[in-house]
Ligand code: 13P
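The chain below stands alone, shown as structure tokens; this is the form predicted on its own.
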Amino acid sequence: MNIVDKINKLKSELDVTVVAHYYQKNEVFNIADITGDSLELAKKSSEVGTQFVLFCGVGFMGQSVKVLAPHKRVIMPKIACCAMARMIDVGYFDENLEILHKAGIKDDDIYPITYINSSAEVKAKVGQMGGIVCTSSNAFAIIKDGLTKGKKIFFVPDRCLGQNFAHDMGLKSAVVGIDDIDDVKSADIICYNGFCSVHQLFTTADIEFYRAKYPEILVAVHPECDPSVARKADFCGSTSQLIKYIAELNIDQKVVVGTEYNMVSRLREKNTYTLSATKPQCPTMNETTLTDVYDSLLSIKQDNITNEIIIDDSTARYAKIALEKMLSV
């Protein structure tokens, strides 16, 4: 019996749902019961009827499911940590607030929004301040709603996402620690200086290369890309939005895509290219293997569970406020 057969046998015996993010390896993605982007998985995983959720992704994703559905037992084959999420913690968050305070911007003057690519502790901090979580799929609606509060948006941790949405909305953005403090004070959206290392691989030179090689090609990128790249693209959208956009193209239309390689490789059989001279794979998303999945399922069967997501009550309570506010918007 091969490992896939062993995994499927355990799945049939256990009260478990296996979920996998689009960036997972094909071998892991293909054995999942539910697949999707961060928003889809947060919602669908919290609604499944099984006691156990085996989450193939990175740590903050498993945390989000546990926050939204504390009665579920959330297990991760590998608790890999998103590099962007590691760029911010409560300490760094508070340091940025102190910089804003010194510039005359008080807590009451800002509406904090944290990208879902952040720890439960950062989400809880945002929830305590009356803020909200967003994903790349709903960030436009979340920011638009946030601006009705009559406050400045403090967007963490992805500066590119904040800058790109500010540009699309005709707003001014500035990055703490990079831009002049006067620019920060006058900005509508104040961004934390974090980023996705994978999406930073894509450059305007890559776009120019593909346009020169294939004059009719379309360029589609994720909003975690640098603003210079996003502005040269024909389409900029979240993972689920990219999938929909490309699925609706004529199969003869060439398209080059600026996002994680594993997802791009599944999009279409032909005329789809990856916008990078190197293979843009997320190293932490690719940590999870079929062996890890099998071992996790076996640990459930043997009642010797490993890598279970545990969140303290206070953190879970405030993080849930910010996450549920997102879902309501």
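From 1 onward, residues are counted along the sequence shown. A quick note: this is a predicted structure, and the numbers were derived from the prediction, not measured.
Only in words, not in the display: the form predicted together with the named molecule, which the text now covers.
### Task
Specify the contacting stretch among 63-71, 271-279, 289-297, 36-44, defined as having any heavy atom within 4.5 Å of the named molecule in the model of the complex.
Selected stretch: 36-44.
### Query
in the model of the complex, does K320 have a heavy atom within 4.5 Å of the named molecule?
Close contact is absent here: in the model of the complex, K320 is far from the named molecule, nothing within 4.5 Å, heavy atoms only.
### Task
Consider Y115 of the chain shown here, and say whether it contacts the named molecule in the model of the complex, taking contact as heavy atoms within 4.5 Å.
It does: once the named molecule is placed as it appears in the model of the complex, Y115 has a heavy atom within 4.5 Å of it.
### Query
Does the named molecule get within 4.5 angstroms of any non-hydrogen atom of H222 in the model of the complex?
Because a heavy atom of H222 falls inside 4.5 Å of the named molecule in the model of the complex, the answer is yes.
#### Entry: Partner proximity in the model of the complex: K152 to the named molecule, non-hydrogen atom cutoff 4.5 Å
Although the named molecule is absent here, K152 would stay clear of it in the model of the complex, with no heavy atoms inside 4.5 Å.
### Message
Give me the residue from H199, K125, R159, K78 that has a heavy atom within 4.5 Å of the named molecule in the model of the complex.
### Response
When the named molecule is considered in the model of the complex, the option within 4.5 Å is H199.
### Partner contacts in the model of the complex for 231-251 (non-hydrogen atom within 4.5 angstroms of the named molecule)
Going through 231-251 in order - heavy atoms within 4.5 Å of the named molecule in the model of the complex - the hits are S238, T239.
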